[in-house]
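Below: one protein chain in two forms, given as structure tokens, structure 1 then structure 2.
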Structure 1
């Protein structure tokens, strides 16, 4: 083969390889489907440190060990407070259902030696007094939103799609407390690495940032995330979550995710 035909073949090959990239331009919804379908692992154990930082810079730190197990479409989670001392052994048990049912949540108060089911009907309430609310902690029903790709941007050196999400109805706004959202999805692994949320009936905004992610046992995991509540350019409050000792495929029995078990403690 002469030099020219080599070049032609090389050129053709490149063209053929790149064809799918051009042809299969993903729609915003398709991207979201892939985000939704991304493997999240099962039988997970991890230690979470939650730092609440108020606008004066005062910090309040809690550490929590959490166990997560999937049961079909449902997810079960048990969380135990390790510190501060006053709330040590306080435990949460959550069942998040794949269908439209409200979550079930129980709380065990060691000082009272009693467990209570907590009925929380909407998800706009704060998660443990942090800047995250319950809807931030769960995956949204994609059918309730319309998605639009705004642009592509680099975040910390990785290409992302910037996708705007708009709730389709007022009920969803009331439920989540957000009237609009914007997320930054990494193109290589479909991880959400950033997000901006517009709080309903307010001028407050929430900024989600996930500066550290890592592949553990083949699954992409956020090691650190922050949620900052701002109004204009002023920070009102910030929450930092750090995840350590992330392990998947642990030997977690369904019986661990019972009220009786959380009362027993770790």
Structure 2
């Protein structure tokens, strides 16, 4: 799920003397610019497994195929739900624009036989019953946030910056559903590996973790990520995503990334 891993993440402390000079000199915004510019490959196809886990430990498993294509500074992504029967043929389409335009999203629900465009006011809502909301499915506009380096930490043996992200206005809080975040960025590859989000108008918090990453064809990709919703010390719900059969430079026609195609299905 490419950009998903850029939105949020976290790590543990290190002595500044042990850091390379570049790590000391970079500002929080410069780090986030490098996260945003990180190579993600083009024409990508991957198989996803989404597991929804409730507070009692009950699990629901969904299979998804994801297609991603870059068109200049823009990115298009189509996700098709393959199973189980209650979500089969559901599809999700996203356009991320490289300029200042808001991203576009559409959800096709086969029971209604129509696609719904996701309005800005709905992007804080849960994506398909998961702990990810619609705003998590796209990359945030860096200009809408203030960033500050809080500290440096180790996460699973890798050095990270821990960066606080704060929305600059209420409109961004309303759209995303988050009032503050902490992002954990690896210093060797500028990949987000952990994150924390404070849910607006709530005592709930969301914890993102990306415990498995791998370099494929020179591109760092997430193989597994989790998002956990907690209230205090209590876990309310958890979503686990696994990415398999990640393939780059596939022959993907732009017609794959249309509302007509998500309504037609694979």
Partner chain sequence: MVNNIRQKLESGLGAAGDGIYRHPWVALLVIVIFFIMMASGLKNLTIDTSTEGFLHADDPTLLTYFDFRDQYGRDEMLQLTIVSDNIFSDQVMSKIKNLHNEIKHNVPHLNDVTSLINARNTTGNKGALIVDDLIADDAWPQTLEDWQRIKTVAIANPIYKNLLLSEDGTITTIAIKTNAYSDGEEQSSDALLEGGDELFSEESGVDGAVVEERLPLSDKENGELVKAISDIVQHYQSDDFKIYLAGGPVVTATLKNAMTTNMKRFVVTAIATIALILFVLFRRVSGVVLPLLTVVLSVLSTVGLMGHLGIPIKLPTQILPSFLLAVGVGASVHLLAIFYRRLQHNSSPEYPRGDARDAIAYATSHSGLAILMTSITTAAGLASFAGSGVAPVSDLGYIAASGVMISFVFVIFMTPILVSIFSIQSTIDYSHDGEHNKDSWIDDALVWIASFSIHNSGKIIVVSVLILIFSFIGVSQVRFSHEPYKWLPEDEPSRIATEFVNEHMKGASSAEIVIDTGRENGLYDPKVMQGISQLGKELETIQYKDLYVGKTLSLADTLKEINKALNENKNEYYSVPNDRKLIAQEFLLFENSGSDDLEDMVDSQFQQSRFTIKMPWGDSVNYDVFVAKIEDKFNSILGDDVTVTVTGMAVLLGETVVLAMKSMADGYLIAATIITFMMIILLGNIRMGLFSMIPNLTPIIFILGLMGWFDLRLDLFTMLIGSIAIGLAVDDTIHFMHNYRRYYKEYGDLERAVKETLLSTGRAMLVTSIVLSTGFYLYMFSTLNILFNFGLLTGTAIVVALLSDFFLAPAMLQQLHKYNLIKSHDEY
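Residue numbers count along the first chain shown, from 1. Keep in mind the model is a prediction, meaning the values are calculated, not measured. Here, rigid core means the biggest group of C-alpha atoms that superpose within 1.5 Å across both forms.
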1 or 2: which is the form predicted in complex with its partner chain?
-> 1
Shift of residue 174 between structure 1 and structure 2 at or above 2 Å (CA, core fit) = no
Please check if residue 151 moves between structure 1 and structure 2, taking a CA shift of 2 Å or more relative to the superposed core as movement.
-> no
2 Å or more on the CA of residue 142 between structure 1 and structure 2, with the rigid core superposed, yes or no?
-> no
Residue 103: Cα shift between structure 1 and structure 2 after core superposition, Å, came to 4.3
Can you give the CA shift of residue 91 between structure 1 and structure 2, in Å, with the two forms fit on their core?
-> 3.1
